[in-house]
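Quick setup: one chain, the form predicted alone, written in structure tokens, and binding and motion questions come after.
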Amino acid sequence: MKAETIVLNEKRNVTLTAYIQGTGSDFHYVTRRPAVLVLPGGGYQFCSEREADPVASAYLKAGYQTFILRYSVRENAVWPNPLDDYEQAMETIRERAGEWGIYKNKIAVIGFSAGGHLAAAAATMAKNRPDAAILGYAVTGMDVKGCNPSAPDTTGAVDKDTCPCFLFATRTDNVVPIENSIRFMSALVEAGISFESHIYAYGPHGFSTCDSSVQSIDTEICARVPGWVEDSIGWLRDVLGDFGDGCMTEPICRAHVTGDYDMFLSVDATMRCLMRHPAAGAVIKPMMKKLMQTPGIPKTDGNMEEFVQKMRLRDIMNYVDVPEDEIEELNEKLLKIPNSGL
């Protein structure tokens, strides 16, 4: 493994530390690797070492090229300096992807507390967005004003281009209220973004990887909290793919939970999305008639209930036992219709 520290901004003491593992040779089945960019917490006053190398080590062990960004803090943390630091770091990683053996489109960001705010900002408002984001007890809402008055609320910036997210925190966090995670998840739901969350019953703020090297064994914390590390690695395999024979496997988990944001329509789009397209309406009209006559499909005055409109057409057809060949025949027709609602 090679280690390299790059000075991104000497005046603000911003650095990017790279930990690069080998590819090829003994790793003959690994030609490139996904990557993780670590953003430590510290209330925008410092970058916590407890949330730097100990975290990087976990993802290195899982096979990821790993980076640590020590971004602008204290008087230098005036927004958008920290986000600019992230942009520069991500540009550097992607520009040197060939040299470092990295998939340009498989780079995740992980942030803790204030670093979680920066990770959320990267996921929602950066020009160089990550491909996945892991947010650890992150301050994502207006509470960030308590440590950095110039920093923005990231929850309101969640949009259809936000990457899949993994969130973890404890219900009893006494520094960052749990509402930060809950509201951010609600925003992800509204935008149709895939996510996974773990809100543990109890534990303090700032537990990092939660092993005895970074967290006192006397700390009152839920015994399941350390599981976030392996869970997040498993989730990354779901959304970025896993190591295969010379390439990464296809992701299992889509970036969006429905087809509403795909370039073309399909049976994986919701009824609401399909009903906005006249061309789709003509295609699905026979199926709609059948569905409206089917017992068990909630209707009011001949119209589908609101929650049914939020369902994918595929799920509704499966519910009423439409044969698979009919589903695929309809899907082929819909795939010829551009999604003009994007």
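Numbering starts at 1 and runs along the sequence shown. Keep in mind the model is a prediction, meaning the values are calculated, not measured.
Form predicted together with another copy of the chain: not shown, discussed below.
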Check for me whether another copy of the chain, as it appears in the model of the complex, comes within 4.5 angstroms of all of Gly63, Tyr202 and Asp242 - heavy atoms only.
yes
Considering non-hydrogen atoms and a 4.5 Å limit, which listed residue (Ile193, Val73, Ala151, Ile107) is close to another copy of the chain in the model of the complex?
Ile193
Here the chain is shown alone; which of Val78, Ala97, Ile182, Ala126 has a heavy atom within 4.5 Å of another copy of the chain in the model of the complex?
Ile182
Any chance Leu83 has a heavy atom within 4.5 Å of another copy of the chain in the model of the complex?
no
Using heavy atoms and a 4.5 Å limit, would one call Gln215 a contact residue for another copy of the chain in the model of the complex?
yes
Does any part of Asp262 reach within 4.5 Å of another copy of the chain in the model of the complex? Heavy atoms only, please.
no
Although the partner isn't part of this model, could you tell me whether Pro177 comes within 4.5 Å of another copy of the chain in the model of the complex, counting any heavy atom of the residue?
yes
Among 85-93, 116-124, 182-190, 129-137, which stretch sits within 4.5 Å of another copy of the chain in the model of the complex, heavy atoms only?
182-190
Contacts with another copy of the chain in the model of the complex, stretch 226-257 (heavy atom within 4.5 Å):
Val229, Asp231, Gly234, Trp235, Asp238, Asp242, Phe243, Thr249, Ile252, Cys253, Val257
